[in-house]
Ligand code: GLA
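Take a look at this single chain, the form predicted on its own, given in structure tokens.
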């Protein structure tokens, strides 16, 4: 596993070379990727979710400038992002610079930005499901804020990132991704109420958690079918509208999080099959979240893992997401000895599955899962991989321009 401190050091060296400045002027923000063990697909409905940051993520080295120009390059993507803060371009489909432009737009709705920056990004787990886009969006927000001397709370940055995705990019996405990235702590489970943005951190009851996080990548780079993300959101809202109407509260926003469990029980029979499945997933997932938090606090990974697996099954059956390779990978994981539990990390149309596994068996499991999966899907074998990682702290500025780089 890469040494995070070494990765920062190497990025500072490269940024120093490219920016033509001494290394001690370069600043770095680290924004981790995230997993959601329980609480799948319910954040956009105001549900309660669990989350955890992992020790893989995005690094952004940057240098504040006296001008209002923003220029960003990447170690992982071609080309350069270049724009002026006075004329931030609209979204450009398929361009990796959208999150940088979106961050500038979002901040300028609330603040006056007088300084731009030069930036260099590093970090890519292409495959989906870990919210790498949210990580890079958070990194751009934090870098622009630091460059302009702004003190912005994590809660406000959650809202600002929502402005990037819901406003600038036009995605109907909840707050799970950025909240997990901005609020998590190592060896803790983060419980996030997506309606109120309140959160709690629950420490694992022993000093050394008895699990490793396994990320099993399917090798799919593009969805085999349309992901239908916005369609699923609309179906959930339709279900909420019918339930709220039955309860005589149709004036409430049509979110399943606004439906009381007793109202769901009373009026669920009025839902057509698709809406019934979406509501069944939402309310069963809410229950799994609460049971999962209690199991975590007891150190009961057997129960916690079983709930993860049940979440995965409900995602397939009730939320109706996933594709054959991801379903096969999920089924392989949950049938493997040493796996506490697993589910899709994301919607399962591409990307990876996340599993909690016994640490003593993690390396052997990683090898066996990858070997069997590659035989099941030889057409994806070249891009399939398995990574072991740990929980991590939330996004932070890890170097504020005083980093001392030893000589090569």
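Positions refer to the first chain, counted from 1. Source: prediction; values computed, not measured.
The same protein has a further form, the form predicted together with this ligand, not shown here; the description that follows concerns it.
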property	result
Single option in 340, 56, 27, 44 placed near this ligand in the predicted bound form, where near means a heavy atom within 4.5 Å	44
The single option of 35, 60, 40, 353 touching this ligand in the predicted bound form, heavy atom within 4.5 Å	40
Contact segment among 341 to 349, 60 to 68, 368 to 376, 355 to 363, judged by heavy atoms lying within 4.5 Å of this ligand in the predicted bound form	341 to 349
Complete contact of 173, 176 and 229 with this ligand in the predicted bound form (any heavy atom, 4.5 Å)	yes
Interface residues of 68 to 83 toward this ligand, as seen in the predicted bound form [heavy atoms, 4.5 Å]	none
